[in-house]
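Just the one chain here, the form predicted alone, laid out as C-alpha cells.
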C-alpha cells in the first residue's frame, strides 16, 4: 500500500486533492443554500474554453481557466443584478456561449488531445508541482475570505432581501462569492475534471444536509466527506487505472446513497 507514495504524481495529486477537498465545501454549502448550484456547471464550461485557450497558446491551462472563470463570474453577477434578464438565463447564455467557443478553439487546435481529455475527466498525472503551489495559494485566499466574511455570507445565503435592508453591501458580497466559486472551480479541474466539478461542490454538502445538524456541523461533515472521497478516489483510481474524477464522484454518490437511506426517513 505504501509503495504508492513513491510516485511523485500521486503525492502531488493527493496534496492538490486534499486542498481542494477542504476548500470546495466552503463554497459548495453556500451554492446549495442559495439554490445557485447551476453556476458550477456554467463556470466549468467556461473553464473548458479557458483550458482550450491555454492548450492552444501553450500557456498553463490552470491560469487561463482561472482567468476565464473569474471574468465570467463577475459578468454573470452583473447581468443577474441588472434585472434585464433572469439569473438562470444569464447562466444559460454563458454555458452555451463558452461551450461553443471551446468547440471552435478545439477545432483550431486540430481536435482533442490526451491533455484535453485529462482536463475533461480529471487525471492526477496532469498535476504539476507549480499547480500544487498555485492551488495552495488560492486555497488560503479562499479560506481567509470565507472566514473573514463568514457571518455576512450566511446572512445573505438565508435572506438576501433582509441583508440588503439591514445595510449590508450585498452586491459586493455576491460578486466576491461568485469570484471565489470561480476560483474553486478552476483549481479543481486537474483532480475532478471539468465535466464533474459541480458534483464536487454539491454532493458533499447535500449529503451532510441529510444529517440535519447545525450550519457549522453540516459544513464540518461536508469537509470530511469531501476529503475522504478525494483521497479514496485517487488511491482507487491509481490501482484500477481509471479516471480519478469519475472515481471520486462515484464514491461521493455512494456515501450520499448510504446517508440518505439511513437519515432520509427521519
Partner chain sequence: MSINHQKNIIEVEKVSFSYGNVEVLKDITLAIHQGDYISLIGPNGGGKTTLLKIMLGLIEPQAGQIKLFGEKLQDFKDWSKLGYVPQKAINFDPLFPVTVREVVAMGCYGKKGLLKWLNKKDQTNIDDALAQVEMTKYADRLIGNLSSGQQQRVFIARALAGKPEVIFLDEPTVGVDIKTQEEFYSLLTHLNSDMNITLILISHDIDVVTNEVTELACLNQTLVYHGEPKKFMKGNYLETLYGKNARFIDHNH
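Numbering follows the first chain given and starts at 1. Quick caveat: nothing in here was measured; it's all calculated off a predicted structure.
There is also a form predicted in complex with the partner chain; it is not shown, and the following applies to it.
The closest non-hydrogen atom of residue 166 lies within 4.5 Å of the partner chain in the predicted complex. Of the heavy atoms in residue 162, some are within 4.5 Å of the partner chain in the predicted complex. The partner chain in the predicted complex comes within 4.5 Å of no heavy atom belonging to residue 108. Contact annotation for residue 63: none of its heavy atoms lies within 4.5 Å of the partner chain in the predicted complex. Scanning 157, 90, 132, 101 against the partner chain in the predicted complex with a 4.5 Å heavy atom cut-off leaves one residue, 157.
Comment: 32-40 is the region of 237-245, 49-57, 221-229, 32-40 lying near the partner chain in the predicted complex, near meaning a non-hydrogen atom within 4.5 Å. Contacts with the partner chain in the predicted complex, taken as any heavy atom within 4.5 Å, map within 209-224 to 209, 212, 213, 214, 215, 216, 218.
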